[in-house]
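There is one chain below, alone, in structure tokens, taken in the form predicted on its own.
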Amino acid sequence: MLVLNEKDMMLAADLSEIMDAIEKAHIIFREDKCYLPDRYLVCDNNKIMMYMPCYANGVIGTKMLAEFPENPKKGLPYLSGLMILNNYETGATEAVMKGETLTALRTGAAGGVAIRHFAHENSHSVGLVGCGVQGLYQLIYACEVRDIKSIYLFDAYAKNLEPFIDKLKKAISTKEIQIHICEDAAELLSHSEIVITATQAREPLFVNDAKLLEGKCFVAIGSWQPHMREMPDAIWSLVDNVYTELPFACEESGDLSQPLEKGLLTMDRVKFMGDFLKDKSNGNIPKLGSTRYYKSVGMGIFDLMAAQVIFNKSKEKKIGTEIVW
């Protein structure tokens, strides 16, 4: 059994390989070639244990995450957990890796895939609202797929963004990029061609004015529950469609469920990334308007396919610690 810590995982596969794995996951899901049951949650006093199994592509995997909101006050991570890979033929455990690192890598890669396909080719600026772990990886992938010159940051709750900026600079150290801290989301929006939101907002982050949103690429990865929202209603007058991963996103995220309930969005305008990628690979490039919007809620097959490529690359490079029971 191979044990992979955070350092091992970061060394194993490069960003483009993980994004390729996420693209493959999108297509496998839309072709119904995986078994992806609903997440199983165990909750007690606002503490949540999540279990996410998945079978696909000759691999079995289960991610287990602990979501304990009080942890940051104790100096501990909000999320912690494990990803376990099993042999498809025997069920034997083949690898164990750090679950929160995998979550960051695969969620960042999901945003990276969206930017790879939806952001305008000449985009040089990106803004991030919500400067946590997930936001950090979104920016890392954004800088991988576009020639980013300027990054704009805003966080309504963080009093000091210097630790975040230090981590970001280390991750993108090979690139010459200007980093700016904004006073509010409106300032960030005015400067950014690509806008990433990674918050737990319950109300839209931006003013409900279509002129301020026009022509941008939005990647929304936060606000994953029905009572949460990051985007204002004005977005629906601009985008031809919204792209997401799976139909359940229309129930899980308030950014989709609320406009559907109001009639501002109809299901014929909800498109799935797997279908987009299949069409594009077949030469049938879907038409995109000048304003693009991708809403991510994540799914277990992202974890499985990202873990598989990390595991395979670790074996090739002889990374990690082998353990014999």
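Note that this is a predicted model, so its numbers are computed, not measured. Each residue number is its position in the shown sequence, starting from 1.
The same protein also has a form predicted together with a small molecule, omitted here; what follows describes it.
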The small molecule contact in the predicted complex: residue 242, any heavy atom under 4.5 Å:
no
With the partner left out of view, is residue 129 within 4.5 angstroms of the small molecule in the predicted complex by any non-hydrogen atom?
yes
Non-hydrogen atom contact residue 274 with the small molecule in the predicted complex at 4.5 angstroms:
no
In the predicted complex, residue 298 touching the small molecule (heavy atom, 4.5 Å)
yes
Just one of 139-147, 117-125, 219-227, 171-179 has heavy atoms within 4.5 Å of the small molecule in the predicted complex; which?
219-227
Taking the small molecule in the predicted complex as the reference, which of 190, 200, 237, 87 has a non-hydrogen atom within 4.5 Å?
200
Just one of 165, 246, 96, 133 has a heavy atom within 4.5 angstroms of the small molecule in the predicted complex, so which one?
133
